[in-house]
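There is one chain below, alone, in structure tokens, taken in the form predicted alone.
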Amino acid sequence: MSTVTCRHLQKSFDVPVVAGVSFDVQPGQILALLGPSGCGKTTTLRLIAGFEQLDGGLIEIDGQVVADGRTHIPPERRRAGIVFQDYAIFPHLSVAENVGFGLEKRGRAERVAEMLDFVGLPGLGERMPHELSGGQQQRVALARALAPQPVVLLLDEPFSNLDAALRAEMRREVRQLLKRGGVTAVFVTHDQEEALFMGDAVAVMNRGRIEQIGTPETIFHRPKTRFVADFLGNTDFVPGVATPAGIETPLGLLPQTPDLPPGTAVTIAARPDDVRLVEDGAGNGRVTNRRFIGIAFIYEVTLADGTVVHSWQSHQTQLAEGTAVQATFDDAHSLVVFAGETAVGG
């Protein structure tokens, strides 16, 4: 049985914000809700938590209906722990008092000590929040959310206030903690790298709907819509025409044969590692920009027809801006092809 079940969730604030969202979260699974600002992901989390009331649909937590249009169980009775973007720990309470807040007195000290040990802060119970680093404050918020033994943990952009290095460290630590504790979680983020790292499953949201849900590998490599392909992975879209031999494109023939009539206009999703470059004075493109990222260069290439593609090249390959190149597809694996907004087989 799923730990969290959401069916056809609806919520409007003058305009629809969540429009028919459905998903299940299995015991011990981390589901990442990913999408741009305003896509409805945080409102979906707030509906699960009980901070917002459903306009329509159904939410079950651990087999109990907590919201269905007629029912609205208050947040404190949903057995859902919450970790907010700004931590929301009480500045006037000690670390131990924060973690133990709301727990029954009997056994509280033991539970607080257990949770501080679990999140790697043993012996810091007497400290005040202002004496802690940002990463330590985040661990306190996590310990407090887990202390009442919730059925599901809800995390709303929990690392967005941390600097880049600490954010990466906290992702790793928090994921390890959740997995070690067998915690079921729903994790909201706008950061694709974070979603792909944290989630056992990723649901990509757009305009209040889930465009695609699946494993991180499936979402990244086999996007079903142009939006998903565009949102993940610095994707370029290359025009093409279906032929019996493959797809004719500005980068040459792509030897894939989608099940489409010859002459059908298509678009190919190409990421920087899908495009090969060779310096060639008579080539089909010209380097118009380059970005050094340490281990590699990302080259921007403008093709003869005006199409712009990007290519990932080793740091040992140095091409100056203005260099003429031959750009071709690296067809070591099949690329995703779209007819209109929807992916087609090939």
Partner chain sequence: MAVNELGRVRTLPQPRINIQSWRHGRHLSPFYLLLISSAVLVSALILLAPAYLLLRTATGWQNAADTLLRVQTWQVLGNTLWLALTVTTATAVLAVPLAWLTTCTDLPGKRIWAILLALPLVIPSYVAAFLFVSMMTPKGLLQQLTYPLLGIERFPNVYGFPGAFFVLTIISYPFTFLTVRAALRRMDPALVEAARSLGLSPRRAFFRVTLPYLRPSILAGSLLVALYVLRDFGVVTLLQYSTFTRIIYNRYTAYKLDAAAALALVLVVVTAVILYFEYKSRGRARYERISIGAARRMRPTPLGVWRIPALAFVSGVVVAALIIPTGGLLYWFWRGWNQDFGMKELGAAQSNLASLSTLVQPAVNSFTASLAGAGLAMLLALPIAILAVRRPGKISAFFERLTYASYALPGIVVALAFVFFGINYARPLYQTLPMLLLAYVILFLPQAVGAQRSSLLQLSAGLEEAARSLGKRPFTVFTRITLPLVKPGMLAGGALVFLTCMKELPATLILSPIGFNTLAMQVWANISEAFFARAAAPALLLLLLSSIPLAWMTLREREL
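Model, not experiment: these values are computed from the prediction. Numbering follows the first chain given and starts at 1.
The next section is about a form of this same protein that is not shown, the form predicted in complex with the partner chain.
In summary, the region of this chain contacting the partner chain in the model of the complex, judged by heavy atoms within 4.5 Å and restricted to 255-263, 108-116, 272-280, 200-208, corresponds to 108-116. Think of it this way: in the model of the complex, the partner chain has a heavy atom of just one of Glu193, Glu76, Glu126, Asp163 within 4.5 Å, and the residue is Glu76.
For the candidate set Gly135, Pro239, Gly181, Pro216, a heavy atom within 4.5 Å of the partner chain in the model of the complex is found for exactly one residue, namely Gly181.
For Phe227, no non-hydrogen atom is located within 4.5 Å of the partner chain in the model of the complex, even though that partner is not displayed. Using a 4.5 angstroms limit between non-hydrogen atoms, Arg286 is distant from the partner chain in the model of the complex. In the model of the complex, Arg290 stays away from the partner chain, with no heavy atom inside 4.5 Å. Of the heavy atoms in Phe84, some are within 4.5 Å of the partner chain in the model of the complex. The three marked residues, Phe51, Pro91 and Glu173, each reach the partner chain in the model of the complex, with a heavy atom inside 4.5 Å.
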